[in-house]
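A lone chain, given as structure tokens: the form predicted on its own.
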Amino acid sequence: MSEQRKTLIGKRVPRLDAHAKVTGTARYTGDLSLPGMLYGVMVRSPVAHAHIKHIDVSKARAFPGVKCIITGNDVPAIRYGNWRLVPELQDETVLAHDCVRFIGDEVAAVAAIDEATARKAAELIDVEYEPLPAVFNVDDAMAEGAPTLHSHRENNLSLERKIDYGDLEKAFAEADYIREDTFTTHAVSHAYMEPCVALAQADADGRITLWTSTQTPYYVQCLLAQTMELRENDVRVIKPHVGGGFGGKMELRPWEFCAAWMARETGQPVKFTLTRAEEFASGRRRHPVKITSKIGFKKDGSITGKEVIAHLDGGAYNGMGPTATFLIGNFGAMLYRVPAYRYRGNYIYTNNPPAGAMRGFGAPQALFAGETQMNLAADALGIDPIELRLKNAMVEGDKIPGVATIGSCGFIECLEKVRELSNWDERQADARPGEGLGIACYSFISGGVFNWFNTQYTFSAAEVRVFDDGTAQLSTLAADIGQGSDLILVQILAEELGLEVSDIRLVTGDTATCPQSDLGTWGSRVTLMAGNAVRDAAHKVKEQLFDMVSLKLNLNVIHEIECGNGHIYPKSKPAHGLPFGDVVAMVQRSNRGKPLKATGYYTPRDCGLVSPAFSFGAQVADTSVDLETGMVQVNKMFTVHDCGTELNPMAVEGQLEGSIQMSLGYALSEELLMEEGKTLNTSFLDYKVPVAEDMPPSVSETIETYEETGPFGAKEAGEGLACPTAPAIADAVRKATGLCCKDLPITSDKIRSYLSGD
């Protein structure tokens, strides 16, 4: 074995699930069926706020083919939520008990022999409501005398988050220029291709197996056990292929509980499949936020201080809102050195459908406000917007006091490179009416360190087992929801063990067979956190393998041995290596046949309140606006980002393209139209998602840094990229038309109204 060791890091390795998804053989929860399976349907409230006076299920129960009906009176009234360690923030029950708080609130569930029967029976359930006053925006919800949604929060303020450092009054007093702006961002749907599906089966002892489309198998296991009053290990959660999540599938959902409860009641499997209309009307959505930002500058462009006040419309329940409320404040202080900062974030209950986590999780809202304001300030100061950013850009070692410390940081390099790629200086000098080049930047976390769920477990775990045939098995609960993390974890393990990707069998998404300690997929955490757990397990396995090679080859220094090309060998004499499988066999023989495996763990330490690492990037949108119709055309996107070491450039490119597509919709077309709490556009015909032909050509480059906390120097490359597109387009539209749109989306109606002087 004399050839140079191959490496998988930085290689364009195809995704493991590509063939199955392209050929249609990938099995999603909706594809699963069990003998004797029943079909479930949720009964939802048609009113936004009311007491439930009475529920009559007699007609539905008598309908032929109906096997089970449950209401809030039939199940435990246990309040739950992802903030498991903070009971006062747990404000939901799986079915409404005494009150409904939004149109679509789950009131009852029906299970029948087929879906048509279940839907007919659901229509026969008679619910008597006593209407209550309702509020549909944060201003009305906070007004004196406003109706209260939850008795423990009389003013509809669920919580307030604060960040304070520096002397802000002094900072503003020393500023030569101060500007204050208010921005509003809107609710949008995750619009994942696969609607939510759950299938449950109970065994003879009442233990539950649940197959579900989820990002967080362990969360669902724990919360389902809690709400069903079971032991945690009495619930098994299996995650098949997931057709997108983007944050919308990371909580326990009522239909998961209902499937499990009704399966136990009937002794038959029960399956719930949401319709697209249900997803749009009742599903979690991105938080609408009203942000007021005040920022001060010196004449040379140096930031002196900043104040951000955010009001989040959380809808009827907390969901993931408490975390979003904090993160908006964190992202408001990111990217630039801000000597003094004050943040107040208020999470407000309204009678709208609940909001939740969505790609970027607070950053798209915060950065739309912050980056738009930076562009406005640059104009007012007479400074090029890229120069203004370079003047204030964060660098390695910078801190948000008490919150975060910046590790690797290629932000300045990103700015300089995107200026070159987009021909920024020449285009600014040759500006034409109806055309604009806009810029915006981003920073994002590489896995949140906030553990609101269960502190007795580590953040991530992985088990590695190796075999004497030269292969290995990786078991992990980290959830691939379409982003390709399964491949990245296998790639990391193959690199560590000196094997090929094809040598690794992956076992994932099953709480009964995978290490329990993994908090799921959110906050761009999988590559860094699960990746580090995989490396830890691999190192433990290699210790045993290297001990054996050292003994066999009579070597004294174990750290001079390495894995590569399917062999284990001395670094100085690679030709003297032993086949990987042979060494495994030797270790097993020496241990009387004991399997060779190890479990690795990772929990970040000493990295503040937010994240062990942060990505950075800059984006320029080349945009044209038809000055008669107001139609916006994004001609080209230029993106430069720092994601640490690119483990797989093909995967990074895929994340960039998906981010641009999602953010185009956020900026220009997607909007949930609401009327008194009712969602009016509940199909893809009326909810305008950009499709492939809407995608502009894009040019992207990576500024490669090395992140000490990340596996092989890597950090996030998926969510941060979803943040700069909207403010970059807004900046380009402003330069093309003069309109500074501070309220998303940027529609042709708004542009036409501005151009006509209305």
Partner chain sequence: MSLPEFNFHSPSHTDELFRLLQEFGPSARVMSGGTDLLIALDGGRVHYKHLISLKEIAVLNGLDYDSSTGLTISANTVLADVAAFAPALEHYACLVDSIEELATVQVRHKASVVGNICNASPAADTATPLMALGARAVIIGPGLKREISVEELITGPGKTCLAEYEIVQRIIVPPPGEHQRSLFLKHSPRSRVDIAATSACISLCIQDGVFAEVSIFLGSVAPRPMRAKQAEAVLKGKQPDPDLLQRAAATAGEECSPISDLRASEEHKRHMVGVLIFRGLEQLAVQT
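Everything numeric here is computed off the predicted structure, so don't read it as measured data. Numbering follows the first chain given and starts at 1.
The same protein also has a form predicted in complex with the partner chain, omitted here; what follows describes it.
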Query raised in the report: Is D626 close enough to touch the partner chain in the predicted bound form, meaning at least one heavy atom pair within 4.5 Å?
Result: yes
Query raised in the report: Taking heavy atoms and a 4.5 Å cut-off, does L680 contact the partner chain in the predicted bound form?
Result: yes
**Report entry** Residue contact check: V507 to the partner chain in the predicted bound form, 4.5 Å heavy atom
**Finding:** no
Query raised in the report: Quick one: is A62 in contact with the partner chain in the predicted bound form, heavy atoms, 4.5 Å cut-off?
Result: no
Query raised in the report: Among 684 to 692, 131 to 139, 588 to 596, 567 to 575, which stretch has residues with heavy atoms no more than 4.5 Å from the partner chain in the predicted bound form?
Result: 684 to 692
Query raised in the report: Which one, K294, K391, R119, R207, lies within 4.5 Å of the partner chain in the predicted bound form by heavy atoms?
Result: R119
Report summary line: Contact with the partner chain in the predicted bound form, heavy atom within 4.5 Å, among E435, E413, D74, E115 goes to E115
Query raised in the report: What residues of 648 to 683, in sequence order, lie within 4.5 Å of the partner chain in the predicted bound form by heavy atom?
Result: S669, E670, E671, L673, L680, N681
